[in-house]
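Shown next as structure tokens: one chain only, the form predicted alone.
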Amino acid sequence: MISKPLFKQSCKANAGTWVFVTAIICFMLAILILVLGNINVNGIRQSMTDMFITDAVESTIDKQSMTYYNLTEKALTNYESGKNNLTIALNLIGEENRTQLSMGYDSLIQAGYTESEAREYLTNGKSDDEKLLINTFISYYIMEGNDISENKIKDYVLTNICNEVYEQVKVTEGEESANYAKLFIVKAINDFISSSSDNAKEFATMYIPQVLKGIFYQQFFEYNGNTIYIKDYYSENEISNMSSSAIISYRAEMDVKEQQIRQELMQEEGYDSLTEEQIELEVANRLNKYSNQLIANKTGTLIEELPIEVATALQELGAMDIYSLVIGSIYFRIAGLLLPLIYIIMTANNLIASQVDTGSMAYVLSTPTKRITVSITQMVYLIASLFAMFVFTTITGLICLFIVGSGSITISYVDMLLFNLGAFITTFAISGICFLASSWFNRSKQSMAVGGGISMFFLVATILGLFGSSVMPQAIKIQAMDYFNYVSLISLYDTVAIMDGNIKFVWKLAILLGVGIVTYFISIKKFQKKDLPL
């Protein structure tokens, strides 16, 4: 089925072109791998990734430091004032009245009264101050009984404050964070009591960094599929210093804002009619609103502060695999296919159409060689020459990967083998189209116009489609360009899937293989049956 003399003639006729193309594409691939391996693209990308990670970690530390300082300082202040106020209230009621109130409350509850009904009955006809004292005692009595020892009073106030913290955090952060905050405040207040400190703000300022540094040091999180450990970026002392700086800055701004709020309030209409308690309540409410806004403003990350388009582009650049883009998408699907496609267009035309056009095919067919033998021999040569070409590029790629070392580049030996296999199958499919055009037409200009035109269209469409593909960063991506990928046969050569380990590239290469087989089969049949100008 194969004519050896004809095969040797084809080898001699096209040897120069084959050697030139093979040498150039091997040289290009070698330079590309060696250059990329030496400029340490991964180091540049890792530096950008580290910048985003450290910015996010610092933002989180600052936010948690200010948030927990705010909670702790309020809780400690409320604990001190709550304990003092409760002790005064219980003492004002007196032991005899406390006994009477507790017995009366129990009797009403046993008689079927609800808690609110019992409170209303016991406070009926009393002044506002007396009502407040009675309700304060009943609330205490329900939880602690008649025991008004210092420890019981502490437990009662502590429980109330922690429940308030729980409800406050639950609304904004959820139940899990609320439970953690509650436990945190319990420990903070107990440590405050043990420290014998009398200044809630100063205690919280020193306490929060010491607690948070141990917590953050052991934490980790997921970033772009990788597990990031905070201890790889910061020591406990660095975390503590960042936390302290955030709290001190927060305190300073809150103090300035408090003075500003008081001055603004004094100038508002109706200020003179407000009681001292109402003034403090209004100041506290306004400060609380400002506090939430201040924490949000001071803890925004770099990505959050940038315009969304710029932030997205920077994140993509930080996560982008330069090797996959340059070697996989640019070289193997575009630059590395350009010269082989030119070789295919010229050689496919020379093997059939050119010989028919010049009349040399008449001498070949004047011998006992059959048409099917001619077409199969020329087909085998074209496929074999392409296979040999990519064997050399494979060897070149593997040697260069070994030289630069696996740590300097993300492309593995398996990736290199699959890239070259995919490139061979792609050129096999396109060579089938060019061979069909050569077998179909009797004139070289027609063969090259159709076969070469289709091949170049596929390559140009792939180049244009690259700017709309998923491998391009958003900063330079043109979504409309993606439509070109749907009209190019080369788009079935999915180098991104190869790099990602996604097996979908297999069925795409199978389609290309099928295109090549079908076009070569049609070429042989067409050459057998067509009229030749012999």
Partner chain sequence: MTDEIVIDVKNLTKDYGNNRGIFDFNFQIKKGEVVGFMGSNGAGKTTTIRNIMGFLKPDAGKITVCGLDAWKDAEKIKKYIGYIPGEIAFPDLKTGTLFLQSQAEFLNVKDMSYANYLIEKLQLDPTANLKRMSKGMKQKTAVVAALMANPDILILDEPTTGLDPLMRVAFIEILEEEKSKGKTILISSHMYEELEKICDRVILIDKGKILNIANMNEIKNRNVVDFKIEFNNESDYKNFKKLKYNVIRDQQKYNQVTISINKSKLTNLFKDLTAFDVKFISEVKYTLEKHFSKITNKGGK
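Note that the coordinates shown come from a computational prediction; the quantities given were computed from them, not determined experimentally. Residue numbers count along the first chain shown, from 1. For the two forms, the rigid core is made up of the largest set of C-alpha atoms that agree within 1.5 Å on superposition.
Separately, the form predicted in complex with the partner chain exists; it is not shown, and the next lines address it.
Colleague: Tell me which of 68-76, 412-420, 195-203, 367-375 has residues with heavy atoms within 4.5 angstroms of the partner chain in the predicted complex?
Modeller: Stretch with heavy atoms near the partner: 367-375.
Colleague: Find the only residue in G405, G145, G94, G359 having a heavy atom within 4.5 Å of the partner chain in the predicted complex.
Modeller: Among G405, G145, G94, G359, a heavy atom within 4.5 Å of the partner chain in the predicted complex occurs only for G359.
Colleague: Quick one: is Y229 in contact with the partner chain in the predicted complex, heavy atoms, 4.5 Å cut-off?
Modeller: Output for Y229 is no: heavy atoms all beyond 4.5 Å of the partner chain.
Colleague: Should L532 be counted as a contact of the partner chain in the predicted complex, where contact means heavy atoms within 4.5 Å?
Modeller: So L532 counts as contacting the partner chain.
Colleague: Since only the chain is shown here, I'm wondering whether F220 would be in contact with the partner chain in the predicted complex (any heavy atom pair within 4.5 Å).
Modeller: F220: no, not in contact with the partner chain in the predicted complex.
Colleague: Even though the partner chain is not shown here, does A13 get within 4.5 Å of it in the predicted complex, heavy atoms only?
Modeller: Contact with the partner chain, yes.
Colleague: Quick one: which residues from 171-209 get a non-hydrogen atom within 4.5 Å of the partner chain in the predicted complex?
Modeller: Stretch hits: zero.
Colleague: Do you see a C-alpha shift of 2 Å or more at R443 between the shown form and the other one, with the core held fixed?
Modeller: True for R443: a C-alpha shift of 2 Å or more.
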